[in-house]
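Just the one chain here, laid out as structure tokens, in the form predicted alone.
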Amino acid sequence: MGFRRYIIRRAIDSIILLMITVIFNFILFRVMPGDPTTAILGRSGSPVYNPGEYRTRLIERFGLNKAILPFIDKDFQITPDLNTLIDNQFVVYIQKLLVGDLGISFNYFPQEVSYLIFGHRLLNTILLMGLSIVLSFLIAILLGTLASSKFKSKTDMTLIFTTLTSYSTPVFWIGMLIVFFCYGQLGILPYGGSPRIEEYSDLSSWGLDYLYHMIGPLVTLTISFVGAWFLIARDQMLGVFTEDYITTARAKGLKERRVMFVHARKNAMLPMISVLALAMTYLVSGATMTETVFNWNGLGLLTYESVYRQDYPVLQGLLLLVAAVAIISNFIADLIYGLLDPRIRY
């Protein structure tokens, strides 16, 4: 199979998977308990409107009086009504999705979900997660290469013990330790928060304060990620060292550093590409526990708040965003696989 056919096949698989995800995302949040009218009325408590009349208006506004799917009414009962073929919640959902309308938040009513997700929260999460992923990825590769080159030495054993400890430690516990020592005891870091640019008179002051507040969650996530990725990098390097072409390179008299970093690491990077592709979901979903501990106003904290307050439209939008990023990231990883290793044409 040629590379072009390989790309087309992977693209079709990704599109089908995305369509299944969209359907699952729609159904999941309609079988869950609760409804927007209860959520909104329960929080507003406004005496201006008659609760019954207000509830009816909300039901009509959200389209909850329509059938769920063709021939499936709002109570998930089969109905012979032909009007449900084109006038149902799923059709409305797809129509709005195509124009980027993800609905209205229950908790921040009447704010749009797309504004909540794609506003400053997404930027905060991308900056935090992007830096932590890049740093931990580079550190894991360097430490993994070092450990594999000194197999079963004290250096190897020390790195394994250290990284396994960081990997097995809950990320929120690492964050709480950083808060306790760096804020509570030493006072060298802020407790948390994510400064917004509107609060500052100039860009440089905001940038410095922003990076200052980012240190705590950045260090927490980097320590957590390195623990898992180091073991993968080390094991792959050890496997590559047994290959014939490595033996040949050493027999030619090449320096060990060149053998490790030029010949061995290229093939050892293939599994790391899959790891990095999976990590891309964190880039938009955020680390919920870390952002909650440090009160970092990103998508992770938004996820926690939405789960706690049963804000289903926001959760629906977040799930769709994470799924789309995961599918696209894995598609790109498959393409990189095909470029690095011509034997991959499944």
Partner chain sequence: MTLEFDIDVIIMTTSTQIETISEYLVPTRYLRYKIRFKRFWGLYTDSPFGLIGLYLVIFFLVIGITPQILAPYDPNISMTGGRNAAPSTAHPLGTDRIGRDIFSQMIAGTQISLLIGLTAAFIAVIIGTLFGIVAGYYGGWSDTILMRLTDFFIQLPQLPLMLVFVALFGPGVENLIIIIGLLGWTGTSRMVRAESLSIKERAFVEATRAVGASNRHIILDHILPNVLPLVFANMILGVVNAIISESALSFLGFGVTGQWSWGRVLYEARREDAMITGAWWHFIPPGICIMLVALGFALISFSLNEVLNPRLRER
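Residue numbers count along the first chain shown, from 1. Treat the numbers as computed from the prediction; the structure is a model and nothing was measured.
The form predicted together with the partner chain exists for this protein as well; it is not shown, and the discussion that follows is about that form.
K.L.:
If we take heavy atoms and a 4.5 Å cut-off, which stretch out of 145 to 153, 82 to 90, 206 to 214, 120 to 128 is in contact with the partner chain in the predicted bound form?
P.N.:
Of the options given, it is 145 to 153.
K.L.:
Suppose contact means a heavy atom within 4.5 Å; in the predicted bound form, does that hold for all of 15, 19 and 222 with the partner chain?
P.N.:
The answer is no; none of 15, 19 and 222 reaches the partner chain.
K.L.:
Look up in the predicted bound form whether residue 115 has a non-hydrogen atom within 4.5 angstroms of the partner chain, and give yes or no.
P.N.:
Heavy-atom contact with the partner chain at 4.5 Å: absent for residue 115.
K.L.:
I'd like to know if residue 111 sits close to the partner chain in the predicted bound form, meaning any non-hydrogen atom pair within 4.5 angstroms.
P.N.:
No.
K.L.:
Check residue 157 for me: does it contact the partner chain in the predicted bound form (non-hydrogen atoms, 4.5 angstroms)?
P.N.:
Residue 157: yes, in contact with the partner chain in the predicted bound form.
K.L.:
Wondering, does residue 168 line up within 4.5 Å of the partner chain in the predicted bound form on heavy atoms?
P.N.:
Answer yes; at least one heavy atom of residue 168 falls within 4.5 Å of the partner chain in the predicted bound form.
K.L.:
So the partner chain isn't shown here. In the predicted bound form, which residue out of 138, 94, 197, 238 has a non-hydrogen atom within 4.5 Å of it?
P.N.:
Checking each option against the partner chain in the predicted bound form, the one that comes within 4.5 Å is 238.
K.L.:
Heavy atom within 4.5 Å of the partner chain in the predicted bound form: which residues of 156 to 187 meet that condition, in order?
P.N.:
Sequence-ordered list: 157, 160, 161, 164, 165, 167, 168, 169, 170, 172, 173, 176, 177, 179, 180, 183, 184, 185.
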